[in-house]
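What follows are structure tokens for two forms of the same protein chain, given separately as structure 1 and structure 2.
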Structure 1
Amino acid sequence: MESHNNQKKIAVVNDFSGFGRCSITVALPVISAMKVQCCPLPTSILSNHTAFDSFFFDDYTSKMEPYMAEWKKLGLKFEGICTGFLGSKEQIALVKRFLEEFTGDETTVLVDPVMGDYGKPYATYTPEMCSEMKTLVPYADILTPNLTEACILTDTPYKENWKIAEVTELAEMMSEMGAEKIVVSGIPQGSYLTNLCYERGQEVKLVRTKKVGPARHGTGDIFSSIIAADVVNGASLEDAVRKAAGFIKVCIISSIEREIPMTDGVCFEDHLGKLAR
């Protein structure tokens, strides 16, 4: 009998922005370069992401259920599922249903709780939406919040300066909420950015990289895509985070050299070959 499951696959639930290098637009080439088939489930279609002054936007919520139903007919099984930006309570409910229907014993679920940055939630994230996002945490084998999102998820006041022990406490709280492994990304430490890797019952690991420029759009999507694909390919969480952080640093340097506008993300295309090795 014909099977569609003879190659490793990761389902990516995120928006599709035609320009700006973020979400599905980066996940698809990155995961593919790492020799895993990427299967997108779009939550919305945008001409370019929302940090631009204007953009075309088409909400895909009403189309997600019939889309998922066709995948069910095909009997698709996924070694990984990666969720990103979600635009409404209805989408969060649909994602939970997708995870319940498509997560198998061998599936690694990565939840990137894209809710805010620099201490503030994004404009679309009402308190009700933030509360609803917490219900996705128990589904996560790997949870990848930045500091702002970790604070939102744990109802912790945000501040500028953090000790590693304090971030570890945030990770422990998210673990108690149900996430098995947590990566708190982008912790500022002088001239370095630190990623804290937390796994229940194990020593906390820190992955530090030198700051090479201001944060750019889409790097979080590259980060989560590399981690998802690397873990599906058998890498440890620490090694996957190290690969993702190093790759993004190289991409930012190239983008500065090419004078790429901040809105346009990073020119990762120059370096995709590194991920295939």
Structure 2
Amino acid sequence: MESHNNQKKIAVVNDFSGFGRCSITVALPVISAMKVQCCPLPTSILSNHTAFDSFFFDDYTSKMEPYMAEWKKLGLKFEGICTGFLGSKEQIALVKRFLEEFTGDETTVLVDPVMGDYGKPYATYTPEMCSEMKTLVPYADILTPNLTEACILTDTPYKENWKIAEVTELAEMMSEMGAEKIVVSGIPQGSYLTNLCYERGQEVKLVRTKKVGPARHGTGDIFSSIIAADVVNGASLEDAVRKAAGFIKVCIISSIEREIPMTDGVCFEDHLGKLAR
């Protein structure tokens, strides 16, 4: 029988940035390549992301409610919901409403607590917003902070060098805040980058990749999109993290070869076909 729900779908609550390869413009191709239908709910519209010196930014908070209402009328059901960059403090309450209304028994909720990187919050993130982001943690089946975001969520001072035991403590704190599974991404360890997968009562799993160049913008969004689609397709979290980290590595290598500026995200287009296999 015909239905809007005959194919797996992931709702992506994130910004639309026209240039810079992040958020929705990354989630759409990546999730689609992995054969899952991607349905974006924009949180803001930007000409380009906020790491450029200048950008146009239009907060979408006031439009989200009628947008969500139409999806309700359509009876849409999602196997996955991913939240990412949010446009305002007020918007966080709407995102929670969206999660409450659209999370079913079969839905995996991935909360990417997008707030900052390299120890600093992004340009549009106020301290109030960062504080409010903590209230999204209990909704997460999977929470994917980088080290900066893990520190903000746990009120821990940021520093450059981390021991795995210290990151495990941060993950424990986020677990106590209500996240089911936690992946702390991009932990520098010599010439390697480690992703730490934490699940209450289980041994911590480490996914290591050789560092091929400095971190680039938008890679966190590729990371969360691959994890969400892979888990929705039945993969374990550890396998999904391994796939995401490996994919990002080859994209960074291409971006270095093509001399892509650090701001411009990674040229994932060169490798998208690999995700379809």
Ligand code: PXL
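Owing to the predicted nature of the structure, the values given are computational and were not obtained by experimental measurement. Rigid core here is just the name for the largest C-alpha set that superposes within 1.5 Å across the two forms. Numbering runs along the sequence of structure 1, starting at 1.
Participant: Sort out for me whether 1 or 2 is the form predicted together with this ligand.
Facilitator: That would be structure 2, which is the form predicted together with this ligand.
Participant: Taking 2 Å as the cut-off, check whether the CA of residue 62 shifts that much or more between structures 1 and 2 after a rigid core fit.
Facilitator: Residue 62: C-alpha displaced by less than 2 Å between structures 1 and 2.
Participant: Examine residue 74 after superposing the rigid core and state whether its CA is displaced by 2 Å or more between structures 1 and 2.
Facilitator: No, the C-alpha position differs by under 2 Å between structures 1 and 2.
Participant: Take the rigid core as the frame of reference and indicate whether the C-alpha of residue 189 shifts by 2 Å or more between structures 1 and 2.
Facilitator: For residue 189, whose C-alpha is compared between structures 1 and 2 after core superposition, the shift is less than 2 Å.
Participant: After superposing on the rigid core, how much does the Cα of residue 125 shift between structures 1 and 2, in Å?
Facilitator: Residue 125 is displaced by 2.4 Å at its C-alpha.
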